[in-house]
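Next up is one chain by itself, shown in structure tokens, the form predicted on its own.
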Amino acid sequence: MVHKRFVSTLVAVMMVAALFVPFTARAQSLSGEMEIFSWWSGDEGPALEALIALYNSKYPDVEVINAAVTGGSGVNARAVLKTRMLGGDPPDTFQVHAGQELTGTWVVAERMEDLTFLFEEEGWFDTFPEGLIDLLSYEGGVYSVPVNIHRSNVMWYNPAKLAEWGIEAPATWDDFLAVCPTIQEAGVTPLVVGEAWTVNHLWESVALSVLGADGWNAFWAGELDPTGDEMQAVWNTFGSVLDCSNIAEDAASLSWQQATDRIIEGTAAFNVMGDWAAGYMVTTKGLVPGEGFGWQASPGTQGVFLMLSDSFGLPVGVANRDNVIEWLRLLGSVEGQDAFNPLKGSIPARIDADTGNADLYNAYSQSAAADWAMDTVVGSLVHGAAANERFGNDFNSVMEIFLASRDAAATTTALGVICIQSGACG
């Protein structure tokens, strides 16, 4: 007679073993290569490398090719990707911002696989926020897997230097303009900007402060005149802010990291940059949030979270499809998101992530997670959530018009034209 305890134990072991069969089978069957295309190189590389190491530990027979293209915000990478996609040579998977950057380009061109099956298998419709899934979706399909949430509208500063200069972080742009002369008298740049995309990045925070969340959304819905008084006020405010920056000096020669370095060194007072700057200051520079650097929502945007999300998709017809599917499965898992985000300065896209775990997430990340949970959320222009690629590219020309002329009326006229041509504004 077989003892009941033995039977129970045997059943339990068989059940546990059954759980591991799919993973073991996948691990044994996966081989070959997988090319991961992104713009995470240099100081942004460690977070991606942590994910690749985790993938390699699960699938050791897959050779991962890290095809990163240097350049902040993906400016250079997107140009290379466009050439490859149009030439019929897509990477196995590529980094893309959630929103119009993907759906308005390669999804509408039918170059991406629908990943609904993967979201259903992994239960992701319940673990990713509905609004984020909407950004990933087009005509009923879901086309990429988000690995994080970044915040665009953050103002960074050095607390010790502000105390030395006897100033506080400004709550509004009027407050910033009022303290600008004091900072200049100390021989310090009030606001540091860098290469062209970082100027656009600053613009969207200024625009959000002038328009508010409702006005920002109304612009993209076609309910706010791109040539009207409100938009002209955005450009006029932006011009005043730039007058207290290094835009006419050396901005064009600075990467976003070099601009951040000036905050750390105390040669500049403030910088508006996404919270990958937190990842840089913690992971590369070894600074402690709240001590080595401070932060707040960019002036006038308190209570609003200007978001973007990095994601990866599956191009149609790639040779290493099975390998990519397991990569995407890892990206969307708690394990994958916890490996990546603490190094990147971002927070997990999953709503069930343990962002309160101080062993993983530092003071900045915990504050961002709290804001994400309660703030009004709007999508970034510069980082692909709010507008399609054509508008984003043409906006560079609008910015050049403004920087050359400082004429808000002429600039908004040009803005109105690209709204019509791109179809991005409603």
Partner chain sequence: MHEKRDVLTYFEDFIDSRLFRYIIGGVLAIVGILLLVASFAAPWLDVPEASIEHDAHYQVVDVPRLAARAGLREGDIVVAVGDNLINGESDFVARTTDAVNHVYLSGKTTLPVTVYRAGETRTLNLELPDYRYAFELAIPQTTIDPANVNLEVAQLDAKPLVDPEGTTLSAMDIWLGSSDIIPTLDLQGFVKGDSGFGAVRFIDRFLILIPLGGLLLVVIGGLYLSSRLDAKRALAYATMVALVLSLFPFFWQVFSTGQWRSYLLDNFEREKDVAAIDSDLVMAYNINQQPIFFEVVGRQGETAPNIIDATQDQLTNAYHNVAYRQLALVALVTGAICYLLVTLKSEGMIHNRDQLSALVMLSPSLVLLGIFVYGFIAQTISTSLTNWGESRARPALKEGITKTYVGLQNYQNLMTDITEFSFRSSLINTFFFTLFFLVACIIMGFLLAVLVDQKVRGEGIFRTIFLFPMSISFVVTGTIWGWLLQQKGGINILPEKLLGLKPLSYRWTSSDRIIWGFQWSDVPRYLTYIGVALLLYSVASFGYQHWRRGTRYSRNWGILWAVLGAFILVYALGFWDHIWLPLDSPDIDKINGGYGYNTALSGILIAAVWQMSGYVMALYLAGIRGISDDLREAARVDGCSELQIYRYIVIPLLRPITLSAIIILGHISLKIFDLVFAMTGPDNNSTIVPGILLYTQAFRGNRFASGAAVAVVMLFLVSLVIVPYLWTTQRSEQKS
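Numbering follows the first chain given and starts at 1. What you are looking at is a predicted structure, and each value in this text was computed from that prediction instead of being measured. Rigid core here is just the name for the largest C-alpha set that superposes within 1.5 Å across the two forms.
If you look for the form predicted in complex with its partner chain, you will not find it shown, but the lines that follow are about it.
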(message) At 4.5 Å between heavy atoms, only one of the stretches 124-132, 255-263, 350-358, 205-213 reaches its partner chain in the predicted bound form; which one is it?
(response) 255-263
(message) Does any part of D61 reach within 4.5 Å of its partner chain in the predicted bound form? Heavy atoms only, please.
(response) no
(message) With the partner left out here, check for me: in the predicted bound form, does some heavy atom of R78 sit within 4.5 Å of its partner chain?
(response) yes
(message) D338 versus its partner chain, in the predicted bound form: is there a non-hydrogen atom within 4.5 Å?
(response) no
(message) Within 4.5 Å, heavy atoms only: does K285 come near its partner chain in the predicted bound form?
(response) no
(request) Quick one: from K161, R111, R321, R329, grab the residue that has a heavy atom within 4.5 Å of its partner chain in the predicted bound form. (result) R111
(request) Only one of S31, N393, S57, T376 comes within 4.5 Å of its partner chain in the predicted bound form by heavy atoms, so just point that one out. (result) N393
(request) Taking only heavy atoms into account, state which residues of 187-202 are within 4.5 Å of its partner chain in the predicted bound form, ordered by sequence. (result) T189, A196
(message) For L242, does the CA position differ by 2 Å or more between this form and the one not shown when the superposition is done on the rigid core?
(response) no
(request) State yes or no: after fitting on the rigid core, is the Cα displacement of K82 between this form and the one not shown at least 2 Å? (result) yes
(request) Can you tell whether A79 sits closer to or farther from A248 in the predicted bound form than it does here, judged by CA atoms, where the change is 3 Å or more? (result) farther
